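Okay, here we've got a single chain as structure tokens, the form predicted on its own, with questions on binding and movement later.
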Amino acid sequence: MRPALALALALALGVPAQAAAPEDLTAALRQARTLAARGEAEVRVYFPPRAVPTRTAARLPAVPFRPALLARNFTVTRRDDAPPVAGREVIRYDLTPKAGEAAHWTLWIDRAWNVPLAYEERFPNGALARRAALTQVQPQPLRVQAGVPPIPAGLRGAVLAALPGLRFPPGFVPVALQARAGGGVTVSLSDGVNVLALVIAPRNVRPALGVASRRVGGRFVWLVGNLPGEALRAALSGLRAADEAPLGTFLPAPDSKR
């Protein structure tokens, strides 16, 4: 259902517009897997820090939104009075974590196409971590294929078997796994929009903003992402062992082309 039609129906039935906000946003994020606005976008990234934080692109950079997790972990607030983006009418959605200290997000969705035209990520203290916004838009959207792989069944249990004592930050669950070129594995954790990297490695990592690490036996475990340092360290504080063997069945075979 188009956002404008959903709003009209909600008003006609006497249902508050905010009650439908998560469903409307979910519809837009699913639409964005097959359709994308194109033109010229300004992309600013302040976390992780980089020498040149601003660049231009023809489309918004992809964000691996997972609508089911997002709806479970965030309060979604809708605003219908948002200023236009690149000359097009938009609906604004604000995403606030229900628990923990994950980043807050805002998305601007095109009213006619029902796809994102801009988004921004902010630290819990309000500081900007990332923003991408189209400044010019072509007359027609582009057909794309931007599906998000399903979460492998049993991955959560395997991660906890590999890292007994691990405490996932509130809302985050394991969603993907890959082998590291230098040895070890990287597990991606997601709360629906924010992503953390959980790494088991033979070497330590340099201290930095958004990085926590701990030595467990002969291995090092890192947790990297946009959470306060205390929250990252708390997730690793109870670790009793680190052994990637339980994760082996989730990795592609050595001769696999995946």
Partner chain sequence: MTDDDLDFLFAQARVQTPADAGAAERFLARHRATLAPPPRRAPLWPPLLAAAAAVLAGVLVWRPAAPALPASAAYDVYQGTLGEGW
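Bear in mind the structure is a predicted one, so any value in this text is a computation, not a measurement. Numbering follows the first chain given and starts at 1.
Keep in mind the form predicted in complex with its partner chain is missing from the figure; the text below concerns it.
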**Prompt:** Though its partner chain is not shown, can you say which of 92, 104, 156, 130 has a heavy atom within 4.5 Å of it in the predicted bound form?
**Reply:** 130
**Request:** Just give me the single entry in 216, 36, 27, 195 that has a non-hydrogen atom within 4.5 angstroms of its partner chain in the predicted bound form.
**Result:** 195
**Prompt:** Taking 4.5 angstroms as the cut-off for heavy atoms, does residue 55 touch its partner chain in the predicted bound form?
**Reply:** yes
**Asked** Looking at the partner-bound form in the predicted bound form, is residue 203 within 4.5 Å of its partner chain by any heavy atom?
**Response** yes
**Request:** Give a yes/no on whether residue 229 approaches its partner chain to within 4.5 Å in the predicted bound form, heavy atoms considered.
**Result:** no
**Request:** Report whether the minimum heavy atom distance between residue 208 and its partner chain in the predicted bound form is within 4.5 Å.
**Result:** yes
**Request:** Quick one: find which of 44-52, 66-74, 27-35, 229-237 has residues within 4.5 Å of its partner chain in the predicted bound form by heavy atom distance.
**Result:** 44-52
**Asked** Since the partner is left out here, which residues of 223-239 would have a heavy atom within 4.5 Å of its partner chain in the predicted bound form?
**Response** 224, 225, 226
